[in-house]
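Coming up is one lone chain in structure tokens, specifically the form predicted on its own.
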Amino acid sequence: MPMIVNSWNEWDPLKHIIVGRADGTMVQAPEPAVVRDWPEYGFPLGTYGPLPKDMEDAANEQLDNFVTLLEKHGVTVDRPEPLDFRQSVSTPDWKQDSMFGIMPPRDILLTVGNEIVEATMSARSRWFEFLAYRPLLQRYFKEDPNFRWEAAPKPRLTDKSYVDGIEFWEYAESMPDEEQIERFTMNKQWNLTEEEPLFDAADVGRFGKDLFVQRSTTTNGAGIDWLRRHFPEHRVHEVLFYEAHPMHIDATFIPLRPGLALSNRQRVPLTEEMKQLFALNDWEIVPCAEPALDEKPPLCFCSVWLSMNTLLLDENTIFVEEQEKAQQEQFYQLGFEVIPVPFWAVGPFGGGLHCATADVYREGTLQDYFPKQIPGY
């Protein structure tokens, strides 16, 4: 029987991937982890509902085009099946008036070697999102005898898992970014408590034997501790960046190939051990180019730094959003073949090229790219 699942890093030759869909994506109902307030677009605070159909159609057109591009480059593509995200969902602990969507599979699925882990997720609206991927994971399980299918402990997500619930966001958003960084980032304390392990898969950067996990508004210290215990053969490093409300590492710090990483030019690393570790092992960290957009698209909760949210076909070839000319030029100068992809219509549905995908198979084996370690890190 064939090996279906295998991926240790972000740059080995890509052969099989999951690409999300925009169908039915919601502006989420308010909850302790997520508050949307877009009155100029018909979604003032407290309201929720599906994103406009014309936006959904445009996003799906770009996603389908991306699938075609991937397939032309020899990549097998799987797609999840949409759920009815308009429905309310509940557990014995809470009721949530809407779900979200399945455009960004990278948020929930973490592939490490022959294993795919379903992340806990930290938003009630995303608690049941794993159901859309279960048919794919069940098929991989049947076809690949070496595939390890794991699910992190489903969190209860009671009010104890959040700092002041919705009120936290009202308080935080009243501050300038610099004050938020001083108050929350420097203290590693945003909206999540340490009541239970919480993490989104997109907060994990995969560098072979080393996994770099961002402490953020979607990943707490207990979540990082769970990952450290779950992957005892790996070195799991906590990282922090100069950012007011961090969410997911792949528009902040990404590996490009062995010895080279791209860093957000504004969200600089704050973890001294991390900087020392990269320097000690002769990794070059280059600041990304300036993004093409000055402002996010309407109804988009992702930043303009999706400009650096890219997908590597292999260590010499990279998919980049087609409007991001400066970022494309930087990659050319770094020796990459660049494949432009129209993708900004997808942003409001949960992210960029990396967010919209989840690795299934990359040719390669587990390698140690940081043989020199910092004691205790």
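No experiment lies behind these values; they were computed from the predicted model shown. Each residue number is its position in the shown sequence, starting from 1.
There is another form of the same protein, the form predicted together with ligand DAV; it is not shown, and what comes next is about it.
**Q** Go through R215, R206, R267, H237 and name the one with a heavy atom inside 4.5 Å of ligand DAV in the predicted complex.
**A** Here the answer is residue option R267.
**Q** Please identify the residue among A123, M247, L277, V112 with any heavy atom within 4.5 Å of ligand DAV in the predicted complex.
**A** Comparing distances to ligand DAV in the predicted complex, the residue within 4.5 Å is M247.
**Q** Just one of 87-95, 158-166, 301-309, 225-233 has heavy atoms within 4.5 Å of ligand DAV in the predicted complex; which?
**A** Checking each option against the 4.5 Å cut-off leaves 301-309.
**Q** Under a 4.5 Å heavy atom criterion, is V19 part of the interface with ligand DAV in the predicted complex?
**A** Result no; V19 lies far from ligand DAV in the predicted complex.
**Q** In the predicted complex, is there a heavy atom of ligand DAV that lies within 4.5 Å of any heavy atom of P348, even though the partner is absent here?
**A** No.
**Q** Indicate whether ligand DAV has at least one heavy atom within 4.5 Å of a heavy atom of V360 in the predicted complex.
**A** No, V360 is distant from the partner.
**Q** Since only the chain is shown here, I'm wondering whether I116 would be in contact with ligand DAV in the predicted complex (any heavy atom pair within 4.5 Å).
**A** Outside the cut-off, so no.
**Q** Residues M26, M99 and E129 are flagged as a possible site; in the predicted complex, is every one of them within 4.5 Å of ligand DAV by some non-hydrogen atom?
**A** None of them does, since no heavy atom lies within 4.5 Å of the partner.
**Q** Can you name the residues of 99-137 that have a heavy atom within 4.5 Å of ligand DAV in the predicted complex?
**A** Going through 99-137 in order - heavy atoms within 4.5 Å of ligand DAV in the predicted complex - there is one hit, D107.
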